[in-house]
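Okay, here we've got a single chain as structure tokens, the form predicted alone, with questions on binding and movement later.
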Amino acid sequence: MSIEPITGRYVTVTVGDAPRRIYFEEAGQGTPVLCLHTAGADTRQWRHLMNDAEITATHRLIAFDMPWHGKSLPPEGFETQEYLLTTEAYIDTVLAVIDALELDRPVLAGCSMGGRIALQLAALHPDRFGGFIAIEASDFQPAWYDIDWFHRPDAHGGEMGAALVSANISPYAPEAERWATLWMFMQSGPGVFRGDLSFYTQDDSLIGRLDRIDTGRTPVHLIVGAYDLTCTPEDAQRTAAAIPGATIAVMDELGHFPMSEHPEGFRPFFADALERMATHSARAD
């Protein structure tokens, strides 16, 4: 029997003048790296990297469940609300967690909607971070599906979500990790995936902010999987080209959830991204 080095705790922050009790996990020591999960999922997507002794020997990986996700309960009175994630609430939540955990300019690593918000923060709050790793991220992705299917009385939203994202997982992904990734979507709370996708497919404000990103001050590195149908390599490359100084890596055998679906394949790309952040920091010093 082995006990994993990951520690989980709760922190209460204020977002929009209301309390949010947020679950977070961490492992390692050194440069703080705040890891953001995808839409409809939770911090379990990062468990493999948080168990990687070589990565955590020099980096303190921290991942948290957004409100409504994983072990972070919805706020009091959620039964009277429609959950629709907004850019403003997302940014406020990330910054509130950074403040509560007293993180000094952490590297921000986000995937999918987490990658999108990483780029928003690179444009709007670069001084709060030491670098940005935007995974499966682009300037904007309009929906090619009806998001209302994920919250209907005659359909199982979790299974519908898992069916949709299954097409975004690489055929090279190990079978066990493929199904573990899909299980997180099957467990998603009613309307949560739909609420996340509302942000992801309807807010195009990042397009007009890309030219604000100064990679000379804060580095930006994009990583995208060749088997990602939602954010294709072309989408990520278009976005990187609009950010002077941004770098990008294309993963030939990975899909939309690389850290979860194929952790072994993703690891070298993530390690390279961390090295890029460290090199930029050393040059700045």
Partner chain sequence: MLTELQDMQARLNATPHLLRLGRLFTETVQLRVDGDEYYLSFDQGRLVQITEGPSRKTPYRFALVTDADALHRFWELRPEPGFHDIFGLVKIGRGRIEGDILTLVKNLRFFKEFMALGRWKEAAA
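Positions refer to the first chain, counted from 1. Computed from a predicted structure; not experimentally measured.
Absent from the display: the form predicted in complex with its partner chain. The rest refers to it.
Interface residue among Gln202, Gln81, Ser166, Thr86, judged by heavy atoms within 4.5 Å of its partner chain in the predicted complex: Ser166.
Of the heavy atoms in Ala155, some are within 4.5 Å of its partner chain in the predicted complex. Looking at Tyr227, you'd find a heavy atom of it within 4.5 angstroms of its partner chain in the predicted complex. When its partner chain is considered in the predicted complex, Pro171 lines it closely, a heavy atom lying within 4.5 Å. The shortest heavy atom separation between Met160 and its partner chain in the predicted complex is within 4.5 Å. Heavy atoms of every residue among Trp149, Trp179 and Thr232 are located within 4.5 Å of its partner chain in the predicted complex. Only one segment in the set 31-39, 50-58, 238-246, 219-227 has any non-hydrogen atom within 4.5 angstroms of its partner chain in the predicted complex, and it is 219-227.
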